[in-house]
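Shown below, as structure tokens, is a lone chain in the form predicted alone; questions about how it binds or moves come after it.
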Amino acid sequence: MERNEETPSTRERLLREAEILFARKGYHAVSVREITDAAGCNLASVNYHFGNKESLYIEVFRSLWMERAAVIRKRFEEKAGSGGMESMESVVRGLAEAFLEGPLTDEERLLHAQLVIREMIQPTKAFQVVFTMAMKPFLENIATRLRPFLAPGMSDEELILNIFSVFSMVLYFNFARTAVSRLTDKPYDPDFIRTLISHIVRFSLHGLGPEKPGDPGP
């Protein structure tokens, strides 16, 4: 019997269900049996398709997490250069918009965050995938875009730390939505998101330091 192309394969089901379980409980707390039960397949399927649980975990990052990271980066690149005129403000605004306005759904955003936060706190071999394939090239991309607008003399280390500071603000406003909404007494709706993006841009431009002499201010 031919397989319906819309029906996920065993490998796809294992990846999807494993991602949900790993995100909710962490790598060490999830058993292979839990994954195969959730995916509706036999216990040997993990070894058959991935070799072992660790390889399955790493493949979750390579196949699913990295795919979402690429979508976020693409949105950032579109926003950072929109209008044909890139600036310090457009780069920071593009970063904030890529995370706060989309393109991920709430479910995707939560899975994405839970997985990488666990890796930041308790790194496994998957962290090297995240760092090498996503984090490092993304930070270098942002640094390259910002460098022409900054005053001379800022070291590479200071620039990277400044970018981390901007990232920290963007990520917090993105992933702590319930706390931010309750503390400000504002619904986390599109209008409030635009307010947050404007706040991030204003705050970040002061933190990044003055632009080159002669450049227009923000």
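Computed from a predicted structure; not experimentally measured. The first residue of the sequence shown is number 1, and the count goes up from there. In this text, the rigid core denotes the largest set of C-alpha atoms whose superposition between the two forms falls within 1.5 Å.
There is another form of the same protein, the form predicted in complex with another copy of the chain; it is not shown, and what comes next is about it.
Taking 154, 70, 43, 38 one by one, only a single residue has any non-hydrogen atom within 4.5 Å of another copy of the chain in the predicted bound form, and it is 154.
Against another copy of the chain in the predicted bound form, the set 25, 122 and 171 is in full contact: each member has a heavy atom within 4.5 Å. Heavy atoms of residue 89 reach within 4.5 Å of another copy of the chain in the predicted bound form, making it an interface residue. Although the partner is absent here, residue 82 is not a contact residue: none of its heavy atoms lies within 4.5 angstroms of another copy of the chain in the predicted bound form.
In the predicted bound form, at least one heavy atom of residue 182 sits within 4.5 Å of another copy of the chain. Proximity of residue 128 to another copy of the chain in the predicted bound form: non-hydrogen atoms within 4.5 Å are present. Contacts between 131-145 and another copy of the chain, taken as any heavy atom within 4.5 Å in the predicted bound form, involve 131, 135, 136, 139. Superposition of the core reveals a Cα shift of 2 Å or more for residue 201 between this form and the one not shown. Fitting the two forms on the rigid core leaves the C-alpha of residue 158 displaced by at least 2 angstroms between this form and the one not shown. Core-superposed comparison between this form and the one not shown: the Cα of residue 126 travels less than 2 Å.
Put simply, residue 177 and residue 102 spread apart in the predicted bound form: their C-alpha atoms are 3 Å or more farther than in the form shown. Relative to this conformation, an increase of 3 Å or more in the Cα-Cα distance between residue 178 and residue 102 is found in the predicted bound form.
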